[in-house]
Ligand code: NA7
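Listed next as structure tokens is one chain, alone, in the form predicted on its own.
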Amino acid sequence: MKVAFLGTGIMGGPMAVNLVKAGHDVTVWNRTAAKAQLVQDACGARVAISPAEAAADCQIVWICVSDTAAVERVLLAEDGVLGVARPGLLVADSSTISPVASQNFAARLRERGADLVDCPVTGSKRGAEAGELIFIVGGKQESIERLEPLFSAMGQRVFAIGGNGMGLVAKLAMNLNIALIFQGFAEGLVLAEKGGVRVRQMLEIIGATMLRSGVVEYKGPFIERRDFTANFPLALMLKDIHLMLDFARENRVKLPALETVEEIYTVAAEEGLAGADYAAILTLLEKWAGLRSPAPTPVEAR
């Protein structure tokens, strides 16, 4: 299939590479041109100078950018996809953004005879590189079925949730759980360490009991190594937390635990951790507890 892939950062870059490896004809674009060039160097994908140029001769446009404003820019700017939208064009958006905004973007595209599917992903950088992502999808069934060859090239499972925006609702709920589970895990580690229990001992105990979880199993080795290089940047988790709280307010849902976590992430970002992995929230808790620890190595968020 002829695919325009817009957004080649931490997740989008390896996703685009896997599409090329699967035999698809891929043109890439990124706001920071050097990141698109990295994909070209890795797999030979063509590089476009704008979203419109990338999308002009493609069947599918795949978006993977940082936030709602970035998706709006890709779609609605003067050199955006909407300007070249036409009957039969299908846009798949793997960005984690506002469900309501995504529904509005879909409506704009349908005015031109095109369509949009929201398909946020889970699996982190490792899953993107291995082609083992899980897609959580909202949209028309016929559009979802058209994307099956591309889902197969980049992931291992697809959950079709319902209409437009529903994939995003499920993804926000999932990330809410990740944020809260990791917060509890980090607080427990700090309390134990302050009392003299080593991190390795706590990880072994957690792994042997009902406390074990995918979040802990994935993040535990990074924490032991004190490696906070971004797989999921703290800035993007904070952005998702804001989306969760906004959606909760719109739907009259109270999220008291998340409100507290949002305050902690805000302080962490202000203290220079925005570009590190969200697991670096642990270092802020350690600082507050008076524990000395090596500073994380921050990297730029996508």
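Throughout, we count residues from 1 along the sequence that is shown. Remember, it's a predicted structure, so these values are computed and weren't measured experimentally.
Just so it is clear, the following notes concern the form predicted together with the ligand, a form of the same protein that is not shown.
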Q. Which among 267 to 275, 53 to 61, 246 to 254, 26 to 34 is in contact with the ligand in the predicted complex, heavy atoms within 4.5 angstroms?
A. 26 to 34
Q) Is V81 close enough to touch the ligand in the predicted complex, meaning at least one heavy atom pair within 4.5 Å? A) no
Q.
I'd like to check something about V17: if you look in the predicted complex, is any of its heavy atoms closer than or equal to 4.5 Å to a heavy atom of the ligand?
A. no
(Q) With the partner left out here, check for me: in the predicted complex, does some heavy atom of R73 sit within 4.5 Å of the ligand? (A) yes
Q | is_contact(L282, the ligand) in the predicted complex, heavy atom dist at most 4.5 Å | A | no
Q: Would you mind checking 239 to 273 for residues with a heavy atom within 4.5 Å of the ligand in the predicted complex?
A: K239, D240
